[in-house]
Each structure stands twice: as C-alpha cells, then as structure tokens.
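In structure tokens, the next block holds one chain alone, the form predicted on its own.
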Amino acid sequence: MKITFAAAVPAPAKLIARIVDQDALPAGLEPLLVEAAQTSRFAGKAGQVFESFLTRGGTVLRVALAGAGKPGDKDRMAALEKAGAGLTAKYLTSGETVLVLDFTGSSLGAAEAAAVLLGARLRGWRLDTYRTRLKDEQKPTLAEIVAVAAPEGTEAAWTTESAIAEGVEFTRELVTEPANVIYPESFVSRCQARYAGTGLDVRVLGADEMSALGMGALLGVSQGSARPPRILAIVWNGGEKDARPTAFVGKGVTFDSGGISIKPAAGMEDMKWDMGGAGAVAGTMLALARRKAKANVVGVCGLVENMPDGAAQRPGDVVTTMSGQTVEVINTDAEGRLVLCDTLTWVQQEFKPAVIVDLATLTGAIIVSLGHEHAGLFSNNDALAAELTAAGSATGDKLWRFPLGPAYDKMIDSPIADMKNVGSRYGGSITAAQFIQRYIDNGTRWAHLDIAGTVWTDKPGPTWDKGASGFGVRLLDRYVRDQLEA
C-alpha cells in the first residue's frame, strides 16, 4: 500500500474519507451526509465505517467516515489504527484505486495521524502469489492512500511508522509462505535479498560449523530432513560503539511434522508457521534498520525442518548440547526448545548480549491457557518483564506473565541425562520455559515469549486479515524505542 501526502484534495479524487471522533461529526459536512450518517446509526466508534455518495461540483463522489472512538480513551492510538484499517478493509477490493484521507480541520496530532495511516497500510497486506483464479471482485484494487492536509510533522512520523509496517509485512510474508518455498536455506536467502542496502550485517552458520561447535540438540532435530539447518545472525550496530547488544532470538522450525512423535494429520498444514518466532525476529531487524534505530541489536534465527525419515531422531535418544549439558529426548515434537538451547548458547558466547528475548511458537499448552489474545511471557527479571508487558500493551502485541521456579524445574529432570525435553502433561508451557532457562548464563537478563497462539489467526483482527498477524515486530520495536533509545 503506497502512502503519499498532498496539500489539497487532488482533482480526480473519487473516494474521500474523514476520521471522526465518537459522537462528534466534524463541522462542514453536507447536511445530507450528516443526516444519512445519523439515520444509519453511525456513532464514530473505533473501526466503524459509514459510506455515502454525494455530488460536489457536478462530480459524484464516494464519501466515507471512519470512527476513531473517544479522544480521551486510553486505547486511543489503537482506535485510530482501527479507523485506518476499517477504511482499507472496506475498499481494498472495491474497484477504487486511490483513497483520499482528508485531515482538513482535524484535531489530530502528527503521531495520531500516522497511526491512522499505519492501520490502513497494515490491513491492506495480502499474499496472493498462488491464487490464480480470483474473480475480479476478489482482487485487491486499492493501491494508494493520499493524506491531505495532514497535521504538521505527520510525514516525519510516517517515516518511522512505515519502517515498522515494512517489518510487519516481511514477517507476515515469511510466515505465510508454504514450507516448500520457505525452508532454512531459502529463509536465509529471502532475508539476504530483503536486507540489501539496509546496513544490516548478515552471518550464516551451516551444518558443518554447527557440528564443530557441538550443537547436538539443534542438529538432532534436523537430522530427519533433507533440508540442511542454518543459523542466521542479523547484526545492527546503531548505538554506542562499545555497548553490549540486545539479542532477539527466534525459533525457526520451517515445518514441524513432529518427527517420529508425529502430529495428527488434521491441521498439520498449519505447521508451516512454526517458524513464527524467527519470522518476527527477521521482520524486527528490517524495521530497526529502515528507521535507523539508535541501538545495538542482534537478531538470531535457529532454522531447521523437523521430519520423520529413517535417519530421524528417536524418542529416548540422548543428545549433547553446545553448552555441554545432555538432554534425553522424550518427545521429538518438543523440538523448538532443542533448537533454541543451542542457538542461545551460541548467541551468548558470540555476542555477549546484555539482554536476551527469545520468541517461539513453542507449546500448544499456551493456547489452552491464553487462547489467541495474549502471548505467554516468562522471565528471570521483573523489570524486563514489566518493560516487555508495557511495550505489548502499547502496540497491541499483548503479553501475560507466567511463573518460573524450582518446583517446575524439577519436572524436567531425567534419570539418565541432565534433563529431559518434556515434563508431565501439567504446566507444559512453564516446563518448556524452565528448559530454556537452563541455557541462560547467570546474570543475563532474559525473557521467553511463547507466541504459539498469536502468530496465526483464522479470523481478521484490528489491523490484519485472516492468516499471519506479524505478531512480535511492533512489540520488539517498541521495546527498543522505550528502553534502548530513550
């Protein structure tokens, strides 16, 4: 979706929209439009859209009003995003190619106007690459939004927000692509192509290098697949020269069959998005580079495919991790933590980060606990947990904190190895987090985000259609803004 700016409504405009506060139709609207809106019970609630047709200067115009809720509400920015998204949702396949968003007389500030534009752009993302038989009325037509008389500073604010939008869109792209298109090698290639010219430094580890480093857990997951594993490190040095970086680490299981502990057939096709954590990291790094973030950040993705061929890892196998700790593999479908443990060890040895946040579609148990409304948050540091929770609340990538503790940790002790990769059927998300915590160096601030319920949705959300939500990019970017750039 292209966003442009203009001082006045362009002459050939056929679709014009206004942003309307709840119960406060703007002055200057035609009486017919006001009466029609009131008759239709349009109240300006967040995301509500009203449409009418008017004649101006002998030209028939399509006019829309988009509700932004009440100005004083605590969720005002989210409501403004809904207003923009509501317009895109209504007109994306309408046959209209340009929507003029008229801010004339608006009381919105620059950041608020940019929020409207962000919502509009995010709601317009689709991946139609493989849909060859769409009817004309199903094809997207809306290609441009022209912001007219935007508040002073909106263009500068949009420069930042457009970078965030690009990062979210890249994450959605990676998560949506099928597993025969996005696998460890092609994930890396797609990122390298997208990062060209951004200033990001990209490093890649192959299977031989991982073997030399002793990454027995990650390699154990990948050994049943014809697709070789990769570790992708993406480095952004925008902060002080000697400042320790913050590390974002993503689970990148590009397809998860469950391995020998194979999943049920029903719904297995969804496991293409088991790399949602890596997708979020890749999109976040693009966003940080595009907006030239003044922080040192490294994004690392552990990329594997989990398949059940004759060479696949067996339940009962014992593997030695890069840290030297041993793991009894009870269930090969609990593979994400095996990927993360070696990836996290390498990140700590290689980059010495001050803070680590890992993101993973790790457990079905988190969906049982939280549904699709929040991601689970686990942390060894109360301040970090609070900072991430605040960032999630501000962006809509909401988090809910879970406990960690010795009683849960004991549940993953193994009788023949240092630990096993699953505990009992109770507290599954917590014991998974306890497993990961065993690979975090003492004194390192760490948080684990279990995002299994939030990266993919079967119904449209405020700023996304069905499918990949792009969860995590805005959360991590906001954390960087608030904690590393403040």
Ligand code: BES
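Since the model is a prediction, treat every value here as computed from it, not as a measurement. The numbering used is simple: start at 1 and walk along the sequence shown.
Only in words, not in the display: the form predicted together with this ligand, which the text now covers.
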Would you kindly say which of Ala233, Met271, Ala147, Ile260 lies with a heavy atom within 4.5 Å of this ligand in the model of the complex? Met271
Within 4.5 Å of this ligand in the model of the complex, heavy atoms considered, which of Met210, Ala78, Leu200, Ala334? Ala334
Using a 4.5 Å heavy atom cut-off, which of 282 to 290, 96 to 104, 156 to 164, 360 to 368 contacts this ligand in the model of the complex? 360 to 368
According to a 4.5 angstroms non-hydrogen atom cut-off, is Asp397 in contact with this ligand in the model of the complex? no
Would Ile430 count as touching this ligand in the model of the complex under a 4.5 Å heavy atom rule? no
Does Val422 make contact with this ligand in the model of the complex, using a 4.5 Å heavy atom cut-off? yes
Are any of the heavy atoms in Ala452 no more than 4.5 Å from a heavy atom of this ligand in the model of the complex? yes
Taking only heavy atoms into account, state which residues of 238 to 264 are within 4.5 Å of this ligand in the model of the complex, ordered by sequence. Lys251, Asp256, Lys263
